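Single chain ahead, written as structure tokens, the form predicted on its own.
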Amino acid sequence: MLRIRSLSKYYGARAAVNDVSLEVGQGELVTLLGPSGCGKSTTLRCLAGLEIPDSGEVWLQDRLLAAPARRVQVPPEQRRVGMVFQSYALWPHMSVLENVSYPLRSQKRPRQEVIKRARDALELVGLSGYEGSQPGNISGGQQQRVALARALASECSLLLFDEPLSNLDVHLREQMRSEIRDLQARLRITTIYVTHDQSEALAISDRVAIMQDGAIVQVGTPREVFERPATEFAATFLGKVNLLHAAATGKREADLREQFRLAGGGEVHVHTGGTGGPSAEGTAVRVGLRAELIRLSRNAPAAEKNVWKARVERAVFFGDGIDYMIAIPVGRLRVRTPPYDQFRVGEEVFASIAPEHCFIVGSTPQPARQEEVSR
């Protein structure tokens, strides 16, 4: 198990990592997800020992790796931590086998053990037969496999990935993503994976930790963080979301649908679950509507909540879908439909979304006002 307790790292007066705490179970893959500059790579480097934190503690199993207050800072080579970098970090003058075996040779292991473990690691990642190749003569995906084999050869207790697929094309990225996940699950290695790609994070993770400004703002399974984001940032970073200002009516229906009054008029129903009572009347909130869960139709859906008349203002074809901007009585919504749902610009349609597909982001004592936010 990995335990991170109140970890902070400053560069001057700026907190690159701000009081981060996280526990990762044995064999679990947790992704640190966030935009550039949010602190995810700095956190990873503190775990690897490549950065010295200013405060907090890092424990791997029962071993303390870093604790500035106790003057503990275990060197990287003594941590049993493997790291796969975005740039692969392969030595061009060394063969594939020499690259994979380098950390073992640095540890003064017996030569036969070094060769065997390096070859076993290459076999794990599907590169048997490439031992004598030079990194410059193999593909980007194969170079990434070499970097992974190098990390695995050291029999690490913790595996770290820092944006490992960002240099690959889309199809190879999807292939490598599946291979990394399958190998990690088979070997049961505790893993921290850093990315800014939300699709990658949702596809590969047991849990996702969303980071903003050096802090973790939400941790949960991919489905939890996607369907019930805890903050506006988490909501808008994970996909295309419309946020509408609304005020609670204090009413909850028998099916656990709570009713909110939109600032521009009308209402929206949200399935808020059975925890606690309904929001106090007048409480200002934001209601989140994911673009891909809004349906468009030419006829009004029968006996449904959350139905609005709309006009199509923009349509952009993306191959696997169509991105629409529509105007409804209380503002504008972004909608993403399958490619076969085709509507013309200027066409009158109906927009609808099921209450269980809506979510609430935060609450505030200020009066509600209408503001369309679409990302």
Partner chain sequence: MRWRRAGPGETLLSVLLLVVLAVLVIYPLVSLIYGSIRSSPPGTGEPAYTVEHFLRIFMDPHFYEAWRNTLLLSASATLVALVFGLPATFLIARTDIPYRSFAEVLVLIPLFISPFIGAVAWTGLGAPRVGMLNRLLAFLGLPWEVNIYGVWGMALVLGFYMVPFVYLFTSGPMKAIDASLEEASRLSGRNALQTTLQITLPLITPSVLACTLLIMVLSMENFGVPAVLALPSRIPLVPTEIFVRFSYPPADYGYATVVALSLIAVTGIGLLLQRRIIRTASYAAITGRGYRVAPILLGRWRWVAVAILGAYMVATILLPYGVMMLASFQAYWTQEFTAFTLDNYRSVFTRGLLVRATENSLLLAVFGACVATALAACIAYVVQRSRAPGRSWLDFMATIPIGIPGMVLGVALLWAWIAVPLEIYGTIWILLIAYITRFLPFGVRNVSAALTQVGDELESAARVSGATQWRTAVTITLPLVRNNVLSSWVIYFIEFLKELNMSVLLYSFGSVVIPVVIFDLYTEGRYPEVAALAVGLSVLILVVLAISSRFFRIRISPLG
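Residue numbers count along the first chain shown, from 1. None of the values given here were measured: they were computed from a predicted structure.
The same protein also has a form predicted in complex with its partner chain, omitted here; what follows describes it.
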| property | result |
| --- | --- |
| Residue 48 within 4.5 Å of its partner chain in the model of the complex, heavy atoms | yes |
| Contact label in the model of the complex: residue 246 to its partner chain, heavy atom within 4.5 Å | no |
| is_contact(residue 178, its partner chain) in the model of the complex, heavy atom dist at most 4.5 Å | no |
| Heavy atom of residue 81 within 4.5 Å of its partner chain in the model of the complex | yes |
| Interface segment, criterion being heavy atoms within 4.5 Å of its partner chain in the model of the complex, picked from 181-189, 206-214, 90-98, 238-246 | 90-98 |
| In the model of the complex, the residue from 301, 266, 140, 103 that sits within 4.5 Å of its partner chain by heavy atoms | 103 |
| Listed residue that, although its partner chain is not shown, lies within 4.5 Å of it in the model of the complex (heavy atoms), from 113, 123, 77, 281 | 77 |
| Stretch 128-151: residues contacting its partner chain in the model of the complex, 4.5 Å heavy atom cut-off | 136, 150 |
